[in-house]
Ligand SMILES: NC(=O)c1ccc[n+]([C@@H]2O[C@H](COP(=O)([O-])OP(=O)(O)OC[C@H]3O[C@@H](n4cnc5c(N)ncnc54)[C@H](O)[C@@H]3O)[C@@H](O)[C@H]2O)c1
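First, one chain by itself: the form predicted alone, in structure tokens.
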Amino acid sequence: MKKVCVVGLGYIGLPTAIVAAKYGFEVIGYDIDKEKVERINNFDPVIEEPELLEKLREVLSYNTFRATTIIEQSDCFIIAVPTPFLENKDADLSYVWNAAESIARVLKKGDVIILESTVPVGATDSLAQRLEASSKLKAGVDFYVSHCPERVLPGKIFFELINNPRIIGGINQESVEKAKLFYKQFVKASLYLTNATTAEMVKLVENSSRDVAIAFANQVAAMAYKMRLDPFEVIELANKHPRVNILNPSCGVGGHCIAVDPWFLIQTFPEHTALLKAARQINDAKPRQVVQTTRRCIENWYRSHLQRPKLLILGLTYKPDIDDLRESPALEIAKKLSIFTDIDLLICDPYVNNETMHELFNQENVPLKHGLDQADIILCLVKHTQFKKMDKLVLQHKKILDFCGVFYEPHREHEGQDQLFWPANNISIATIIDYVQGDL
């Protein structure tokens, strides 16, 4: 196995291609987006990720990697294309099937195909059947098909590609062994070998468990607000129990995995996924509820001051300290609020460039200090590290809607001393509880 073709040069495909190129493979990156391919070949990785630009320059300079819009014969094909869902929440596997059609045109005996995209249970077997039908070669005999789901964290992709354990599931034992030959060249953690359907389900269960945990946190927040309590304090103190580890609430669930993958299980096992469906409904409803609460605050401000408030939104990405906007609930909330004409909207996100901000909202990305000085109402949606360092003195006389705990001050640990904490002193809850009407 010398030549590797990575199909799809996005958040997973491009870093995977670079890592493979650094560990001795000749790698081509295949993508149908001509502009993206040209930019990558000109040392522009298109996406933001620590170390990405430096590592791309290295493999391009050493001629161990290049991007192309033309599929080429290779020994191993890694499919890393998107798998979104359709309007009815069923999985959209068109990108995977298109990748299969491209690979089938150059497939030869002995090739290995590894599907890294997250897919419903059974999709890897379907992929093998499609390749078999198009190439006239025998799956599992003439070529080998496996599923090895990616499990990396944006912002730490290169570290986790090498140091995270991987699950490799094949359509037969030979396929598993062939795929293992690829990953063992650079993965330092354990490789766990199984069948393809188990590997598919493992990835979906991993992300669905997170979705359920976030839904529980959001339900805790709803109950806490109802009783005029701070949910961040309730959760912090509950987590003092040695066997309790509740997540913090947020403005919703985003990203290409957690907000999507549970629907793949719901689609396949509708009679066994009532909990997953309820969790999805809770988390999907959260952005709408945040907008409703924010609107009440805006209307109250207008009645009190007889003028339009300046609303500052802090954060657009789907999680802290990354540039990824995919399925972002914060972005959804900002878009819904941007249509209202009774506010002056300011948006600050240090991870979103001005070009993207203009495309989304036709305005500049506001510097944090300027936004804080100008704002009447501050809506906190993403807990970026930069936001947590804000000078709280500038927040006096402003309305604060903190849905992600930017301003929450945890209990300080003082050995041997009792601690007194009064919720009214915590800025993270002071405004929200005034405008919640049972919808959070």
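Bear in mind the structure is a predicted one, so any value in this text is a computation, not a measurement. Throughout, we count residues from 1 along the sequence that is shown.
The same protein has a further form, the form predicted in complex with the named molecule, not shown here; the description that follows concerns it.
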Query raised in the report: Quick one: which of 383-391, 26-34, 54-62, 404-412 gets within 4.5 Å of the named molecule in the predicted bound form, going by heavy atoms?
Result: 26-34
Report task. May I ask whether P120, S208 and K277 each come within 4.5 Å of the named molecule in the predicted bound form, counting any non-hydrogen atom? Result -> no
Report summary line: Of Q289, T268, T83, N365, the only residue with a heavy atom within 4.5 Å of the named molecule in the predicted bound form is T83
Report summary line: Contact with the named molecule in the predicted bound form, heavy atom within 4.5 Å, among L127, L311, A215, A99 goes to A99
Query raised in the report: Hey, in the predicted bound form, is Y95 touching the named molecule, heavy atoms inside 4.5 Å?
Result: yes
Query raised in the report: Does V220 make contact with the named molecule in the predicted bound form, using a 4.5 Å heavy atom cut-off?
Result: no
Requested in this report: Evaluate L346 for contact with the named molecule in the predicted bound form, applying a 4.5 angstroms cut-off between non-hydrogen atoms, and reply yes or no.
Outcome: no
Query raised in the report: Is K178 close to the named molecule in the predicted bound form, meaning a heavy atom pair under 4.5 Å apart or at it?
Result: no
Requested in this report: Determine the residues of 4-24 with a heavy atom within 4.5 Å of the named molecule in the predicted bound form and present them in sequence order; the list may be empty.
Outcome: V7, G8, L9, G10, Y11, I12, G13
